[in-house]
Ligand SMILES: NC(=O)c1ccc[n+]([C@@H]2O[C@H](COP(=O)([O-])OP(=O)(O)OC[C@H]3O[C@@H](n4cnc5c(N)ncnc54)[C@H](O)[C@@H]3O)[C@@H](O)[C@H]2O)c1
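Have a look below at one chain only, the form predicted alone, in structure tokens format.
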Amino acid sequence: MKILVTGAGGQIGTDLLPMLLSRGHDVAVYDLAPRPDWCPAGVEWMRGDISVSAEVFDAVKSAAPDRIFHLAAILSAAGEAVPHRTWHVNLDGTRYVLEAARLFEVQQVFYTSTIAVFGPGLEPPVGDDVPLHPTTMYGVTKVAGELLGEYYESVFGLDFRGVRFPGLINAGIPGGGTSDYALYMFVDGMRDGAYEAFCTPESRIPFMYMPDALRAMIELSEAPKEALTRSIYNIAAMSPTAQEIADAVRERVPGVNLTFKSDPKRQAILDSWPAVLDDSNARRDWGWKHEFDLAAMSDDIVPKIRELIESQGQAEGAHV
């Protein structure tokens, strides 16, 4: 199968591309950034701006994919700094991808949504069908993207499906999301020996380890259409407090100094998100089940981050 991935230079794409190749797919990328060193051989890398319609149309026409994984987006914290640009990238970009899929007969568009679509005051666990009142431009654009995709499905018959991701944690460098305090505890804690989180110890939001997130994308994208009762699904894994994450890091990184100093703007975003998600629809319709809880994730990620830090140190030393 030919697959086009937009925004593959980000947190998810780094791990998704090799996974798609391992499954025998022919993979192309459309991204604003130049081809990175980590990009696997055999991946076609096309540069372009997701907010420019002509460039998106040309890329989809050239790649002629059977399926598009649409990852390109500006995340929550970065999005609040440039809300106008966030609208163009996240919403106009999604509109162009959907229209290109319609014009060039792409079989499926897979959309990555987020817990940022929810607003404050929802009693946990929060299900799929609750009022959506996001408090960030990121959340606003993701709600609109969900609705736009469902429109293309109902009017044009496009197979549109996707997941609402919780905060994602992977063995990499944080990418600008409000949930990044969790990954910084591991990365800065191991690299610098200390990290001051921008939230309170009691802050609690849903999280997921990247291997589970990637598997969820693949499993939903490959699920029989007749088994699905909706287009967009909540998926969940764990909901630790920031203090519980810090304790997990301390248990595996002796001597690390992890402290808390809440930033009012980021704290307000965190407080607007659900503490726990109800993903029973995903578990019923396509058999979703997470594999990693906080302990299992921590055991797996610490050696990977240590290896990443060591490789970065060696690369910097080679350029001195």
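Residue positions are given as counts along the sequence shown, with the first one as 1. Everything quoted here is computed from the prediction, not taken from an experiment.
The discussion below concerns the form predicted together with the named molecule, not included here.
Note on the partner interface in the predicted bound form: the residue among V106, L71, V126, A171 having a heavy atom within 4.5 angstroms of the named molecule is L71.
For the options A268, A33, A64, A54, the one in contact with the named molecule in the predicted bound form, meaning a heavy atom within 4.5 Å, is A33. Here the chain stands alone, but in the predicted bound form its contact with the named molecule, taken as any heavy atom within 4.5 Å, falls in 71 to 79 among 97 to 105, 147 to 155, 226 to 234, 71 to 79.
Residues P211, I301 and P303 are none of them found to lie within 4.5 Å of the named molecule in the predicted bound form, as judged by heavy atom distances.
Although the partner is absent here, F165 is a contact residue: one of its heavy atoms lies within 4.5 angstroms of the named molecule in the predicted bound form. The named molecule in the predicted bound form comes within 4.5 Å of a heavy atom belonging to I12. The named molecule is not drawn, but in the predicted bound form it has a heavy atom within 4.5 Å of Y138. Taking non-hydrogen atoms only, A282 never approaches the named molecule to within 4.5 angstroms in the predicted bound form.
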